[in-house]
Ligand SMILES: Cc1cc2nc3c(=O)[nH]c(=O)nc-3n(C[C@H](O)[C@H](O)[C@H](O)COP(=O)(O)O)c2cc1C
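For reference, the chain that follows is the form predicted on its own, supplied as structure tokens.
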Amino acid sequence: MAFASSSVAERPFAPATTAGDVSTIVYRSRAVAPLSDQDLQRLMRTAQARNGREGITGVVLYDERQFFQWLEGPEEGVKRVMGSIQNDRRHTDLEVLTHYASPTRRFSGWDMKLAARGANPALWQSDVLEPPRAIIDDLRRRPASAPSLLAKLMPLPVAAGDSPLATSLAGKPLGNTTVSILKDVLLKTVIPLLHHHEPAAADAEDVPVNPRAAELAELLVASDQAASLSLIRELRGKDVEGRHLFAPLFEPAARALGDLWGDDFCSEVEVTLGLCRIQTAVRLLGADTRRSVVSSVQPKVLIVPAPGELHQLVAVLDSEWLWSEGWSPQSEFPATDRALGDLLSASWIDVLDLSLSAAFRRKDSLVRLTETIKQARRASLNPALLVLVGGRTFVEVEGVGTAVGADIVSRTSLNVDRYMVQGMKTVGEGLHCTEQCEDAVG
């Protein structure tokens, strides 16, 4: 499809590939006037002939004058096609959404296929497909997510008898499957941006949120667990500690999952599944993380989701961080306040790490959490028990930690060990959490 705007400023077409790679570009634009089936057909015939000469494949989606196009092929061919697109006056407002190199094509065999709702099949034969309504709705609400949404349009051949999970774990090529597509988007767009901004160590307020965390949330809702597993397999052997993905990517992606639910983009069950996929990634990354060796005695930490809280991601992140620092936290999942009290009365605990959902704000759980903390202090063998709370509501609402009776608010698992040690000193001096304490420690 040869579209673009002559009003768009010329940008250098930066090489994205090395020898043997496939250059991939996804862009969006707006037609200057509505197009009929006949108009679209003429444009498609021209595009298919040109793409066939250049070795270009892909798909274009048209919806209410909006175009979203995926182009892939040799670097020089893609460059020439984009040059033609930039000189076409039939639409405007061109925006390149992603440009990267991939070892394989995603739309092999499609010199260009049109995705449009209600297109007359008699005109198109096999050159048109009906996109799912959900993809159209998602593009209207989140046009920047076009790369992951267009990827869903391709056929999904899977070898008989081979599940994507088994294929990924065996280290075999995933081929043109949903798993492969999602992995490719993650590796080519999300992870490179994350590594570029990755901090070695910083306070929570100094950690840059990855700009693609929201896109990762959408992929988590759309994908299955094999996508995370294949991503982890690709990351193994790289000199990057998995725990440095917690604060800039996993934590904001969890909050973005909650936002998707709030926008009716997904169900609460899908949010929970997305969080579970993050947890799986965290655990597998942790298996390859070098554990620090400590000679001093570390505090005894009990990590629990608040009784009644289904989401465990905050607890998992804190546990993994402490483990990597050489600590030996105790993780439990008490169903009631009494069960939590039994744990605290059975052995000495220095720090109680209580968490609510990383995705939802859970404001309706704060009254119950206040009572949970009161009962925990009464049951504890330690009269100076340090209570740390975490979860989305504590990230976004100031003063909530004080209101529920906590000593420390943790806004991220990053350096949570340091905050615990600092908090124990504060509690030992007879102080409790104030908003200044939250700002200084969380």
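Throughout, rigid core stands for the largest set of C-alpha atoms superposing within 1.5 Å between the two forms. Numbers for residues come from their place in the sequence shown, where the first is 1. These figures come from a predicted structure and were not determined experimentally.
Below, we turn to the form predicted together with the named molecule, even though it does not appear here.
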Q | Segment that reaches the named molecule in the model of the complex - one of 403 to 411, 43 to 51, 387 to 395, 374 to 382, heavy atoms within 4.5 Å | A | 43 to 51
Q: Could you check which residue among L149, I85, L249, M154 gets a heavy atom within 4.5 Å of the named molecule in the model of the complex?
A: I85
Q. Can you pick the one in L275, L71, L322, L260 that has a heavy atom within 4.5 Å of the named molecule in the model of the complex?
A. L71
Q) Would R106 count as touching the named molecule in the model of the complex under a 4.5 Å heavy atom rule? A) no
Q. Can you check whether H91 is within 4.5 Å of the named molecule in the model of the complex, heavy atom basis?
A. yes
Q: Considering only heavy atoms, tell me if M112 and the named molecule come within 4.5 Å of each other in the model of the complex.
A: yes
(Q) How about L356 - does it come within 4.5 Å of the named molecule in the model of the complex, if we only consider non-hydrogen atoms? (A) no
Q) After the core is matched up, is the C-alpha of W110 off by 2 Å or more between the shown form and the other one? A) yes
(Q) Taking the rigid core as the reference frame, tell me whether T272 has a CA displacement of 2 angstroms or more between the shown form and the other one. (A) no
Q) Taking the rigid core as reference, does D318 move its C-alpha 2 Å or further between the shown form and the other one? A) no
**Q.** Pairwise C-alpha change, F265 versus A31, in the model of the complex against this form - closer or farther, 3 angstroms or more
**A.** farther
